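Just the one chain here, the form predicted alone, laid out as structure tokens.
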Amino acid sequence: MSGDGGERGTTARWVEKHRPLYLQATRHPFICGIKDGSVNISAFRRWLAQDYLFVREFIPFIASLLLKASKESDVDVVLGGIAALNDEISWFRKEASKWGISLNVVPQMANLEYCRFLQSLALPDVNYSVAMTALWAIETVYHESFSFCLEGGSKTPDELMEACCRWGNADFGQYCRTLRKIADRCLETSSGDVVSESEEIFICVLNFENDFWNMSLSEL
């Protein structure tokens, strides 16, 4: 697992620099449990309901990037991401119906804190490089995690394969690589302060993702 598609931009260096934290987020026991078939289905059900709430907060964050994107190509990529989220919301509702899960649940603390983080990144004064770094990191953690569950030798339960394919497929991987290229391009021309802030945001995303997986496994 490279996390960088073989390219050595700023984001790839961060992945290597913070490798233990990156592995915590992308090879979490929740994900490993899906891959080896040992995951408790109640944990998956908990994740499904909580992630639905998160995605609803994710939409205005991505939409805020449209106001900051200066290149037409970036706008097209962000618009594509927003369009995909419409389908994603429908998928969550379909899955909830299939599993008999109510999506009208109270967000747990890890979810609330992650959503507040997203809201702070959607503010007009947040630098585009910083926000794009966050988008790249969030999407990449999901792709790296769920594509891991699709690797050869995996024992992912049949009923969880659709969820893994949603974020682990090659097209989503290409989208993540496109986000990484945009982030790297922006960081190349950013000030040292912005680059440092973006790295801190990357670390924050990894910690929030790890906390979200932990929440999914929690019995509370």
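These numbers come from a predicted model, not from an experiment. Sequential numbering from 1, following the sequence displayed.
What comes next is about the form predicted in complex with a small molecule, which does not appear here.
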query = the small molecule isn't shown here, but in the predicted bound form, which of 55-63, 156-164, 186-194, 35-43 has heavy atoms within 4.5 Å of it?
reply = 55-63
inquiry  = Against the small molecule in the predicted bound form, would residue 142 count as a contact residue? Criterion: heavy atoms within 4.5 Å.
reply    = yes
query = Would residue 22 count as a contact of the small molecule in the predicted bound form, using a 4.5 angstroms cut-off between non-hydrogen atoms?
reply = no
message = Just checking whether residue 138 would be counted as a contact of the small molecule in the predicted bound form - the rule being heavy atoms within 4.5 angstroms.
response = yes
ask   = Does the 4.5 Å heavy atom contact test between residue 212 and the small molecule in the predicted bound form come out positive?
value = yes
